[in-house]
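Heads up, the chain below is alone and in the form predicted alone; it's given as C-alpha cells.
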C-alpha cells in the first residue's frame, strides 16, 4: 500500500471510530465510551481502536468535536444565509428545534447531554464542552444585539438574556423529548422560543 493510500485508510478508520463513538456517547455518555466496546462494535482490535487516540480522554474530545460539527451542519449552516438579526434568530429557532425533535443521534442532542454529564467534572473535556457552549451563546447574543440595533427588538432588550432563554429552552426541549417522550416537544420548544423573540419578556427589568 502506498503512503498516500495508507494515510487515507488511517483517516477513514479514525473517522469511523469517531462516528461510532458519537452514536454510543449520545445514549451512554462520554464516560460510557471504551476502546473495548468500540472495537467490538466495529469488529476491530482494541489496539486498532485505541491507536489513533492513545487515551480515552482524547477519544472523548474527538467525539465532542464531531458532535459540534454535526450541530453546525444541522443548525447553523442552513440559516447562515438569512439576514443577521431577528430573521436569522427566528431561523435558528426553527432549525434548532427541528434538530432536537429529529433523529440525528439516537440519544438526542449530544451537546446538551454532555453539558449535564460534565458540568461538575473538572478537566479538559468539561473545558471543551464549556468553550463550545459559550461560543454558541455568543452567537445568539450577537444576533439579538443586531436585532436591537436594527429596531427589530426593543431598545432595552437584553441580548444576553435572550441568549440564555433560548439555550435554556433548547435544553428543556431535549429533555422533554428524550426523557419524557413528548412527541410535541419540538413544537412546544419552537413556540416558546418564538415567544422569547416576540414579547417583552426579553426586556431587562428596570433597576437591575
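Residue numbers count along the first chain shown, from 1. Everything quoted here is computed from the prediction, not taken from an experiment.
Not pictured, yet referred to below: the form predicted in complex with the DNA.
Using a 4.5 angstroms heavy atom cutoff to the DNA in the predicted complex, none of 69, 78 and 95 count as contacting. Taking non-hydrogen atoms only, residue 47 approaches the DNA to within 4.5 angstroms in the predicted complex. At a distance threshold of 4.5 angstroms between non-hydrogen atoms, residue 198 is out of contact with the DNA in the predicted complex. Taking the partner from elsewhere, residue 36 is found to have a heavy atom lying within 4.5 Å of the DNA in the predicted complex. Contact between residue 191 and the DNA in the predicted complex is not found at the 4.5 Å heavy atom cutoff.
The stretch in contact with the DNA in the predicted complex, judged by heavy atoms within 4.5 Å, is 39-47, chosen from 150-158, 39-47, 164-172, 135-143. In the predicted complex, the DNA lies beyond 4.5 angstroms of every heavy atom of every residue of 83-101.
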